[in-house]
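To begin, one chain is listed below as structure tokens, in the form predicted on its own.
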Amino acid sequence: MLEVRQLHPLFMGEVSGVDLGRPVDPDTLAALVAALDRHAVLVFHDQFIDDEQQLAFSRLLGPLETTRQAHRPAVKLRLHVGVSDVSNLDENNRLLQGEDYRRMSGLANRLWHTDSSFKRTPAKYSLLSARILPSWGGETEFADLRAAYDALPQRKQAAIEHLVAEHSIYTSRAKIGFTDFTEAERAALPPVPQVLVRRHPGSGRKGLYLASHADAIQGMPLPEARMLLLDLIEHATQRQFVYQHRWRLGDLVIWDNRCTMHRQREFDLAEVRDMHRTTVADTAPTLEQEGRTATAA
């Protein structure tokens, strides 16, 4: 029987009574979606599943994204194209070395972000499965952007209500000094507009929509925009809005990218951390969901 225990005063649910390696019936799936609407992040322990099982369950939640690395011909994929390789391993299961593209780019996962906000239609859910864990570190922290919005003064809520930020994967990588991208890659993922405040269709709650990918705000001088974004991320990641998940082998965590941010914490890069992520695409661009018209980024 499915049960959900809340792990944090504001969000985070620990689920028991579900085996994600087996077919999930419609009633259980509906209960899980309702729990996600309430808790924003769900933790499942002892889910020793393979990629095909993870893909099968993920598809029940919506259409899946393909890994961004599939668009870089020089990078050979270790996993199925529908599974993002959130590890420090190469295609031969060897530790990534030195300044390998995947190792350098992956360091930006330690910045607060929401998955695929750099795509015009961003991510809805992410599902991350722990296959091999290092002896220390590698925790994932989550921030509740609904609670962070609720805690803003009303004057600030009103001031940001209709703002549109521009997101780019290259913004977050540049913040750590990594710029090794081809012109073809940059052309394939130009900056995209995303609303700064969005209403969650499941819970009806408003929340901030933030990420390290955000750099500019339409109609605002760049220094002012960057300062606002820095202030909002600092506000949203205060400890009262954050939960740190300490991984156990066999954990699977699902989070709702529409109302949370997350980041990976440091671990020993000389040890293997093998995490497999599937990503469910959202239904439409954020401006369209809010009934607004996009302008050129």
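None of the values given here were measured: they were computed from a predicted structure. Residue indices: 1-based, along the sequence shown.
Just so you know, the form predicted together with a small molecule exists too; it's not on screen, but the next bit is about it.
Asn109 is the sole member of Thr171, Asn109, Thr121, Gln218 with a non-hydrogen atom within 4.5 Å of the small molecule in the predicted complex. Site annotation in the predicted complex: the residue of Glu139, Asp150, Glu166, Asp90 reaching within 4.5 Å of the small molecule with a heavy atom is Glu139.
Screening 210-218, 182-190, 154-162, 110-118 for residues having heavy atoms within 4.5 Å of the small molecule in the predicted complex returns a single hit, 110-118. Every member of the trio Val86, Leu128 and Gln264 reaches the small molecule in the predicted complex with some non-hydrogen atom inside 4.5 Å.
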